[in-house]
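Quick heads-up: it's one chain on its own, the form predicted on its own, in structure tokens.
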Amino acid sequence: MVGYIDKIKEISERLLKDGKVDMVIGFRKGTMPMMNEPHRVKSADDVKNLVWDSNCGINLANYLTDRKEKIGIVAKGCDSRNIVTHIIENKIDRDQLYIIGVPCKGMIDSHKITNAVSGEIVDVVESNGEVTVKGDGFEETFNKADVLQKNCAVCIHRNPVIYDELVTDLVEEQADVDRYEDVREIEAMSTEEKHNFFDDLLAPCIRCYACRNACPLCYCPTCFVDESRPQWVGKGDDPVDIKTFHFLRAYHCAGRCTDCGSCERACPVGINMRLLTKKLEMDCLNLYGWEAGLTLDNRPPLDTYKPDDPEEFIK
């Protein structure tokens, strides 16, 4: 994927010079290794700062909400699916966008690499399916497939679902991937085991709300955790309040989440809150045959009513 950047720059420069867009939203090199930053390019001269590699895991659809400009946006598969959701939910018009489609081969999980080396990483080089990290007195090389984000390892929608121009040929989608093995393992637990599992899962949470802020679906003007009249959930670190935040946020993403992994990627304490949204994603697929962000032609299941909707869950 490292080779994509020349084409991304070429398209971005052309769009800006021709006046087709007011800005291009892409990535620039971050101040820390494996942490490229979202970047708004407003002039052709700034295109040179764009980058693309396996450290561009942030979902750029997060930066489209309610914007009025004409925007070019670099979009991998999950980004494009969230763009579809933004369009369906009237957060931006399709006519405002020029989508630069990037077929994706997965993003690196920086936590995996950081935990596998003994010192501070100062440089990362990606080449031929390998990731080499360098630091003070060490250099280690990893097979990229072994250090992918967990959502990327099970992704079956790596290609953009909507785009105006592709930077390269579509990649082969993964097949024979069990996306919900971890969800079924939890479902098989007893009630007490589930209670203990989620207690342990969410115990490290410090209520920083990085997961919410990174999520392209969390664009309510006032989040329920910030409401004071009425106050839906406490502001402290009470375990019940912590679980209430995570469970309710997950329900708000039901039928909308594309498993882009932005929430887990942003979490400073490494909580796998994707387990919550994956459960709801699996239920929407099994009950309604619905996967978020694959089409502009149909409304999501929680946005429609059919007399024959499944009602087995009503007890």
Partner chain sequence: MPEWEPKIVAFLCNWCSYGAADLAGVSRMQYPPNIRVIRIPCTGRMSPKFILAALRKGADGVWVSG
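Residue numbers count along the first chain shown, from 1. Remember, it's a predicted structure, so these values are computed and weren't measured experimentally.
Here the subject shifts to the form predicted together with the partner chain, a form of this protein not shown in this document.
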query: Options 70-78, 138-146, 83-91, 228-236; stretch whose heavy atom lies within 4.5 Å of the partner chain in the model of the complex; finding: 228-236
query: Site test, 114, 121 and 124 vs the partner chain in the model of the complex, non-hydrogen atom cutoff 4.5 Å; finding: no
query: Close approach of residue 130 to the partner chain in the model of the complex, 4.5 Å, heavy atom; finding: no
query: is_contact(residue 35, the partner chain) in the model of the complex, heavy atom dist at most 4.5 Å; finding: no
query: Residue 248, heavy atom within 4.5 angstroms of the partner chain in the model of the complex; finding: yes
query: Contact flag, residue 219 vs the partner chain in the model of the complex, heavy atom cut 4.5 Å; finding: no
query: Selected contact from 244, 168, 213, 159, since only one has a non-hydrogen atom within 4.5 angstroms of the partner chain in the model of the complex; finding: 244
